[in-house]
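Just one chain is shown here, as structure tokens, and it is the form predicted alone.
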């Protein structure tokens, strides 16, 4: 993932309500109404947050009969985690190089 694709994902995850929705969906698929019953947020607000999560590829709608449930897209979360690991490793190398230079002075 590039920083251009990570920024919208982190912006979506930076909202506490969206984070709570994602955590709830981690326990299983759920409709906006079911999520509104579990979280202190209206169904309309849940629906708007689900749109944001869907736009960045973190959740997808699944039709079950007449109900639309949402589920987490694990691949996107895994890609994000790998990108964070790569960034962390790059910083570790940079900090080690700075330490080496500083200790050599």
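Numbering follows the first chain given and starts at 1. Everything numeric in this text was worked out from a predicted model, so none of it was measured.
There is another form of this protein, the form predicted in complex with another copy of the chain, and it is not shown here; the text below is about that form.
A.B. asks: Does the trio 34, 40 and 65 actually contact another copy of the chain in the model of the complex, every residue with a heavy atom within 4.5 Å?
C.D. replies: Not a single listed residue reaches another copy of the chain in the model of the complex, so no.
A.B. asks: Is there a heavy atom of residue 77 lying 4.5 Å or less from a heavy atom of another copy of the chain in the model of the complex?
C.D. replies: It does: once another copy of the chain is placed as it appears in the model of the complex, residue 77 has a heavy atom within 4.5 Å of it.
A.B. asks: I'd like to know if residue 71 sits close to another copy of the chain in the model of the complex, meaning any non-hydrogen atom pair within 4.5 angstroms.
C.D. replies: Yes, residue 71 lies within 4.5 Å of another copy of the chain in the model of the complex.
A.B. asks: In the model of the complex, does residue 96 come within 4.5 Å of another copy of the chain, counting heavy atoms only?
C.D. replies: Flag for residue 96 set to no.
A.B. asks: So which residues in 6 to 32, when you check another copy of the chain in the model of the complex, have a heavy atom no farther than 4.5 Å from it?
C.D. replies: Heavy-atom contacts within 4.5 Å come from 7, 10, 11, 13, 14, 15, 16, 19, 22, 23, 25, 26, 27, 28, 29.
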